[in-house]
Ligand code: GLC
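Here you get one chain, nothing else, as structure tokens; it is the form predicted alone.
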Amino acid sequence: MFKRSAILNFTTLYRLGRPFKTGMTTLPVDEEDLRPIDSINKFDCTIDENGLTLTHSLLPHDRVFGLGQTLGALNKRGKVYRLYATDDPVHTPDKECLYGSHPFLIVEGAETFGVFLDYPGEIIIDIGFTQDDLLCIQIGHSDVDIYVFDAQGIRDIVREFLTLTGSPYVPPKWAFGYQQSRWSYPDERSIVEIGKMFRQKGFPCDAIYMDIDYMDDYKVFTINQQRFRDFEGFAASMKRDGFRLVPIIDPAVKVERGYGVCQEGVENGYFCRSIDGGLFVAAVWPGFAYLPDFHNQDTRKWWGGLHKRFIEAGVEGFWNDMNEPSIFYTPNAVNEFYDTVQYMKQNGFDKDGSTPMSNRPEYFEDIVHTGDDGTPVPHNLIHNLYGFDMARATIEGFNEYMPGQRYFLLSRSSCTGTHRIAGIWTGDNMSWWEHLLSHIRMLMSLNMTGFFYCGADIGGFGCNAYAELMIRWMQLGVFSPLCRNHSAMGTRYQEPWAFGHRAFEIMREVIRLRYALLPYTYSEYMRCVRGLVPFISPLFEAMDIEDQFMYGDSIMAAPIYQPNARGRYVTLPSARSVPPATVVSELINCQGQALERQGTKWLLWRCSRYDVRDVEVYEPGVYYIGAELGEMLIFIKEDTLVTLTQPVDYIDQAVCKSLTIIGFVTDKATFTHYEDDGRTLKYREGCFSTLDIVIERDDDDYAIMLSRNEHPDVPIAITEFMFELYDASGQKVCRHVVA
């Protein structure tokens, strides 16, 4: 039950009406713990014929974080956000919504608290836009659960939220490798050639994606026999070479006689209906199509079973696209368009005579789902669940044909709850420098809302990338949990070798660094999942800094995101706990100078190769630091450790047998190296091993302690340790240990 002891001591649930059971939370509710909405803490509440309105007065220095996949700053003040999953491929700053709905907010300031809105329909959140000192939340319905987290610490609020909504998704270990995609590699030959290029050129890669052209006439769960004559043999061959294939799966099922998926769906009532009682028809890639009713558990089980051929061929992952759902047009819209054309022929052009065809509100108003008990459910009441429920349907297939195994699943559309079962990417971004900065901010916001495994299309999906932009984005990709290069048909090819020899050499070293960092990345990711703390996090000691982030506990990344830049300003905060506004003002006032008071030092690794160290120690402060095109600014926090190994062509190629430990140690530093089998769910049952590394400064020497806690099924194969230890002045001590 939902008891105070079940989570922490500062969460209160307020209920209005009879909320829909969304699946966003994992803890059941004890009716005795419910409080009426009109008693809600932190907000003024209004209930009328328009639904529910909550308002909260903001002080001038209050900041608002969260909302996951939304455009704009990390601090969400000054903008209206519409949480209604929408396929909009042009991500300009004015857009109010994208593909997901993640209604979790943290207000941080003199009064700090969090709020989570367990509601699957449209939510409008105005954070100081209409009135600069007012947070206003509007829900056009009278059935909702609202959780308020009343605590002073952002970390505590995030941990409480994730305790309530569930532990973040853990993909198979190979998913932390580099992944290559494009719309489209249309056939077996093109994919094989791409794979050969990666291996011949020594550029690490673990996955290649298959976009919509692999299908027969865009019919989902089909394979074009002319383009893939022996799909099972092809998939097996690619896997032997270290490549996982990741096919796209869209929800739209082509309306066609003789097409088995369509026929089964019609005969068994698996598709959504219209208000008039007939099947809802909409055009997507295959033309006119039916939409599966994923709200219904029978539909989900049927849909999961359709993945059988792919999984039995060795496919371990899919990416779900167009699942907001995206609708190009409907038959009625086509008729309306033809009528408009005829009108214009007779009466002349009227610039207001036609409206965009795609994703009109009336399309979604016409969709009706069927509950498990046969009750009709209007789509708009549960719109934001569609992508989540499609992911749940996909998992039905994984559970049946890959029981006990970890799967790889990306979903474009998502809501809170999806973070437990899938990763997400940020959709159709562009090859714009502005979207490189947006990638940085969204990584932090998504991690704060539970989506640890996330990322943007490296290089941009639309428009044309060029060498410098591609390099800088690839450098950010090192510290993005999902590291996928994806581009659209008709744009410049974005494979690493498409930009010339110099750019290729730089990008290869960048991705070799990502593979070298795998021991650190995987260990820290799993620590954060177990501890329910963000893997990618803002600088909690300087929350006004929106272009740097912590990658785990030891590394701070400061990506370069402006054209022709050969350096950037970097803020190095003190780790001491001080009032947020004080930190920022002190840092700004000491540009180029160290803070007078003592604080955490930082070891700058100006990185051009994983095995070359160019380091320098910095005190807390603000500095302009140079970085050539082939260099990355990586900061290691004082008294922490970073682990590296030798990079490989793909993650399963070799077992990690040697470890390099970089330590910036002035007092004492610890790190827990984590290993599991990387493939199954046994880690949930304690089937993993750890290696505790403790390094303590002792006058002019270091004491090093290694402590193994091995599970018999997961032996730690590391036998060699190379320690590179740096003191407060940046002097290096190397020590080689054979354990």
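Bear in mind the structure is a predicted one, so any value in this text is a computation, not a measurement. Each residue number is its position in the shown sequence, starting from 1.
The following text describes the form predicted in complex with the ligand, which does not appear among the structures shown.
Using a 4.5 angstroms threshold between heavy atoms, Trp425 counts as touching the ligand in the model of the complex. Taking non-hydrogen atoms only, Asp389 never approaches the ligand to within 4.5 angstroms in the model of the complex.
Contact check for Trp302: no non-hydrogen atom falls within 4.5 Å of the ligand in the model of the complex. A residue is said to contact a partner when one of its heavy atoms sits within 4.5 Å of a partner heavy atom; Met550 fails this definition for the ligand in the model of the complex, lying far away. Of the residues Trp183, Tyr618, Tyr569, Phe288, just one reaches the ligand in the model of the complex with a heavy atom at 4.5 Å or closer; this is Trp183. Site annotation in the model of the complex: the residue of Glu495, Glu316, Asp211, Glu509 reaching within 4.5 Å of the ligand with a heavy atom is Asp211. Heavy atoms within 4.5 Å of the ligand in the model of the complex are found in exactly one of 320-328, 75-83, 199-207, 302-310, that being 320-328. Contact annotation for the candidate site: Ile248, Arg412 and Phe461 all lie close to the ligand in the model of the complex (heavy atom within 4.5 Å).
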